[in-house]
Structure formats: structure tokens, C-alpha cells
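Just one chain follows, in the form predicted alone, and it is written as C-alpha cells.
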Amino acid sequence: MTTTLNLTRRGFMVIGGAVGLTLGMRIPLDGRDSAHASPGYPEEINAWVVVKPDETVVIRIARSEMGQGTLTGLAQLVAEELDCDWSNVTTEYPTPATNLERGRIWKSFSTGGSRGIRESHQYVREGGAAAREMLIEAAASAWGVPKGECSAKKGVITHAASGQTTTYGKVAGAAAKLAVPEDVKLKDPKDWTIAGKPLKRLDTAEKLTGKQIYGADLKLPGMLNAAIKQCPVFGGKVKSFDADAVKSMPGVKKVVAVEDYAVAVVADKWWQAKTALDALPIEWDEGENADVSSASIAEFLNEGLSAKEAFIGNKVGDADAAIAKAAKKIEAVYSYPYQNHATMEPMNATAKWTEDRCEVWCPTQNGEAALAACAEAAGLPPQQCEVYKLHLGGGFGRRGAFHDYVRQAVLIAQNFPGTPVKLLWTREEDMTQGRYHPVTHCKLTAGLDADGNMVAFRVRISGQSILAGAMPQRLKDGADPITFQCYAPKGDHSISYSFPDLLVDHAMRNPHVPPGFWRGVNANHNTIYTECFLDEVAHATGKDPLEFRLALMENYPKNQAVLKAVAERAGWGKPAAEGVHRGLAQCTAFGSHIAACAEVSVTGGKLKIHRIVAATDSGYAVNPQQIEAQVEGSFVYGLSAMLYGACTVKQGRIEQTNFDSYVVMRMAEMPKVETIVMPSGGFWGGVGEPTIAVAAPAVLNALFAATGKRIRSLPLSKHDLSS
């Protein structure tokens, strides 16, 4: 049975606004209707697989590629079950409007939360297996033999009894006409020959040769270009602007008001638009947030550390009472700043609008959410809109839940019906109009008995809720469950220590700077809070930080395993090189178990990170090489944030405007990374985000071992590290 959706524009917006757009219906494996084959693809076996006569296998990938390797990993899973020749594989993105038309056969287009593989592995594998069965059936029917007597391997179908063989490309047309099997058997991962192997990524060659087109590169016939300037204070508006002052400048076509908060200039070339925009007189109404500063935000959050009202995220026993009776109490306050996604490719989208059709070309982490934004801005039902996904020059969460740049492009394009208009933000606009890693403060308290054993653990988080700012409909009785990542009692972000008494709560405090999903999300700062504070407790009680942790982790054997693995590889307990000191960290995040051991030295107040050993148990390892690359890449991101990454607020606006003031680590600062991939099987965890969480606390703990200084606020660049 094929399900066809008939959504209104408003109805689609309701479901399209979430990061993971899901519908409460059964989605058929095939999803084909009377026009099941895409134009030019009569050899479409099912929604996932197209086999061309020349043996090219096109695998359709709904998730977005932004450097994390999802494209290759998902293709490996499909190809594994398809039993095709990997050297013949290529990929393409289906479009979100086609997904709706075909009953959402490709399901989620959302790429975030390290869910690309862990959420879709089952149905993409089923798609590959179903296509394999159809191809075998087509060959068996042509030979007049039982299907059960035929087998497939590397794109070749064989009937052993008669010695007959054929290829996928030769029977694809016939296979495309067959019914899709409802139940297919999937391979045991131990039998994988394509999945589970460190294959080269499919998208690397075009990036190396420059053939890969990103949104910022896109050129369409007759295209105009737009630059935009938004009120520098979030929540502010445009009071006035003088279009006449720039209308005669070279190439300028029009000055456009974008709703009530921004102004854009459209010109033949982007630099003409940008130059005119810089010259455009604009008067802003900055509103009530114009006096907000980092200091006033800090005061706001500090008040929450002792507030009586808070949302409880995890509770065991009575931690407050246990701490009150404890032989000793240790307490510390940590904080974490705003941070920008700082993607190399600034926000951009190209839109072409008419009264009955709107098309958008853009980098997006969620094609369906982009389609929803397009439809809403265009004033059209989603059936009359389309979004064409391009590879992303960085996402990190910025291009997932937020499609303000898509909406703006459509609104601007409405001034030029039938003409494509490319909107490209400046770097400065991208830096100051982000959706930032939430700012939080945290008070942690440990209650100890006379022997130095922890009897109670108390965590009070004060700070922003991402969901309150981005998706208030996903709050649960007013609380934000994402706030409690790595503190949850169970699930993908469960706490990985056992305490006799425990209380973790959140005093929600939401400044005007909009928060967003930033690679690793709340696991980043929560792991710093826990791992650095437990390190404090271990040192205060004279206990080895490794043994101290392991004693609290008896109920978490997988976490113990990764922690022991990094400690052993790094040589914990054995002398390090002269002047080198070690630090540990571990957590459960995005369904995976991860740990790190960092080695650092400090000379003349300057930190050098020599090595980080990282272990990851993601259940299954679809591509070990990609996992290693993800760990290394995530450490670049996480260590940059630790060393330099902080966005400050003055007069209501973000002060950092480019990479001169928002610094990222240089190649010479990057430590050696040794990755231990240790999949234990039985579950599917994420890879791209969880490892960020352990990088900073492992280094911070090693830094304490080196200097005796406990750093409780970031970035490190603002601290004197001299002994």
C-alpha cells in the first residue's frame, strides 16, 4: 500500500519545524505509485536503488553530507545488502518534495544529533536487501528457474546448477516492474564485506578537484545576487533606510526590506550588492535588549544557581539531606560561554519564485525543514515548492533547525518573479546573527564520608534552554530534556556513574541571544562540569582519578571498557615524558560510550597538547576510517572551543565579527590523536558529536596535573597558565 500525503502549507509547517520531522504513520518500504520511476530512471528498483544498464548503481541518500561521511556510510549499508560492486556505486539526494509525494518513503531528511546512521540503518539496509531480491527474482524468472537456486555477489547473479550468470544492469528493467518484498532478511554484521570496512569516501575526489559545488558557488542563468544586513541586536527592528542613496550604484537592482528586521540589496553581482549595502544609510530600533552585556547575562545566570525553582532531570534519594550530613563537602562553580558554529561556508540560499511555484537551492541539514521554510515564505503549499540540497560547507547544527536564510532568500526573490536570486551572508553577518551554543553556569557539590567516598552528588545548572528558544513545542511540562544530556537516568545521554544520592536540576534562564544546536550540544559543557569536578574530588581525597572513576562505574561496564582502553594505551600509572601530564574524561552521549586521555605540558605559561588517546564504542562501526576521521575532526572543533571559542555581548550585540576575533586553532596546535574503535555490537550509537565532549575535560584535567590550576571557565586564552 502506498500512502499519499495531502498537506496544507500550515499543516506542513507544524511538522516541518522540528529537527526530526516524523509522521505517525506506517511508511511502506517501496512507496512507489503509478509514476514510481523517476524521469530518466526506468531502472529504479526501489526508492533507494537505481541500476543503470552500464552497471552504475545509484544509491539515494536522504541525509545531508557536510564532511562527516554520512553519504559514504549510508551507501555502504545499502550496498552491503544489495551485494553490488562497490566500485560501481554513486549517490544522489532525493528531494524533500518528492519525499512527500511518495509518502515520505525516505523518511527523515534531518542530519543532526549524530542520527544519520543510527536512526536509519534498519530501513536503508532493508531497501538494499529488497532491491537485491528483486534483481535475483528478475533473473530467475528470465531463466525459468526457482529464485531460491540463485544467488548474487558483486552485482552478478548466478544460477549454480546451470552455470548461468547475468548482471544487475541487464535485469534492472525487469526487476523495476516487480512487487517489492515486504519482509527481507538482513545480513549478520559479522558477514559484512562492504559495511564495516575502512573504504574511501565517495565525496573526496570531487572536493579535491574543485568539482564539488557548494551553495556559495552556485550559478544559474540570469541569476541576481543579494547581500543582507540584519539588526545587530537580536529582537531589534529597522527604523528607516534611504534606498535613494545607493540605487544608482553599479549593478544595483533594488533595495528590499526583509520583514521588519533586515534590509537587503539585490544587484547583478554579489560584491556590488555588498558594496551598496555597506553604503546604505540604515537607522535601527535596537529595542529593550540594547543594554544587555556579558556581565548582565552572567549576573542573571548566577541568580539561578541558588533559585528555589528548578526543573529536575535526575533524582536518586535525597542528595541535599545526604550532603548536609556528610563528613565533608566539596563545591565548585563552572561556566560555559556562547559559541558560534563558525562554518567555513556562510549562510546562503538561492531562490526562484513565481506565483505558483518556488524552488530553492541550498545547503541544509534538514531538507524537509528547508522545504517548510520555503513554502511558508512563498505563500504556497509544499506541493508547489521544491528544495534541491547541496553539500554543506559546514553545518554543526546551524543549518538544521534554523532556516532563516532560506526564508530570507524566498522573500527577496519575490521582488523578481521568475528570476533566481542568490542570497549570501557576509562573514560578519554570519558571526553576529548565529544561533549560539547556549550559555550556562553550573554549581556542583559532592558529599563525602569519613573515608573520602562520595555519598551524594548535587548538580545545579543555570542557563539557557535550546528548546525554549528553537522548538518550544518540544518542551516537556516546561522543562528542556536536552539540558540534561549526560545526566539523564537512562537513554542515549545517560549519566555513567552511580551515586547513593543524586540530584540534577535546571534553573532555566533565557537571555535574548538565541541558542542553537551546536555540534555536541549540551553534552559538551555537562561533561566538562562532571569530569573536571570529579577530578577535583579525586585529587582532594588523594585518590587516583582513574580508580576513583572506575569505582563509581561498576554499573556501566561499557564506559569502564573505553576508559580502561585509553588509560592503558596512554600509559596511565606509568611515568610520562618529562614535563608531560595526563588527564582523563569519559561519558555516554548520542548513544555511544567514549573516553579520552590527554597528555599536555605547560612551559612559560604556554599550553602544548601533545597527544589525545580516544576510545569509541558506537555499537557497530560502519566505516572505521570515517570514525577515526570524525574523532580527529571533532577534536579540532572541541579544542578550538576550549582554547579560544567565546562569544561576548556588548550593547546587546555579539562582539566577535570574524576569525580575527573568533579564533580557531592552527595546524601546529593540533595534538596527535590516537583513536581506538571498539564496537561491542548490539546497539547503534553516534560518532560525529559525542567525542567532542571528552576532548576539553581531558585536557583541562591534564592541565591541572601540570600546573595545579583548576580552570572552571572558558576559553583558556583568557587565563594565565603560568605555574
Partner chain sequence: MARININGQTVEVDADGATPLLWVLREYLDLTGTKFGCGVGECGACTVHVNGEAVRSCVVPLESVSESDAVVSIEGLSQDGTHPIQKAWLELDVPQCGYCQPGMIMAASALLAKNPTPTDKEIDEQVTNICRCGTYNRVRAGIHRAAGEKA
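Residue numbers count along the first chain shown, from 1. Note that this is a predicted model, so its numbers are computed, not measured.
Beyond the structure shown, there is the form predicted together with the partner chain, which is absent from this document and is the topic of what follows.
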Name the stretch: of 235-243, 629-637, 374-382, 153-161, exactly one has residues whose heavy atoms fall within 4.5 Å of the partner chain in the model of the complex.
629-637
Would 294, 580 and 712 all count as contacting the partner chain in the model of the complex, using a 4.5 Å heavy atom cut-off?
no
Only hit among 560, 426, 314, 335 for heavy atom within 4.5 Å of the partner chain in the model of the complex is 426
In the model of the complex, the residue from 342, 532, 79, 124 with a non-hydrogen atom within 4.5 Å of the partner chain is 342
Might residue 208 be said to contact the partner chain in the model of the complex, defining contact as any heavy atom within 4.5 Å?
yes
Any non-hydrogen atom of residue 396 within 4.5 angstroms of the partner chain in the model of the complex:
yes
Is residue 660 near the partner chain? Define near as a heavy atom within 4.5 Å, in the model of the complex.
yes
I'd like to know whether residue 352 contacts the partner chain in the model of the complex, with contact meaning heavy atoms within 4.5 angstroms.
no
Considering only 183-205, what residues come within 4.5 Å of the partner chain in the model of the complex, judged by heavy atoms?
199, 200, 201, 204, 205
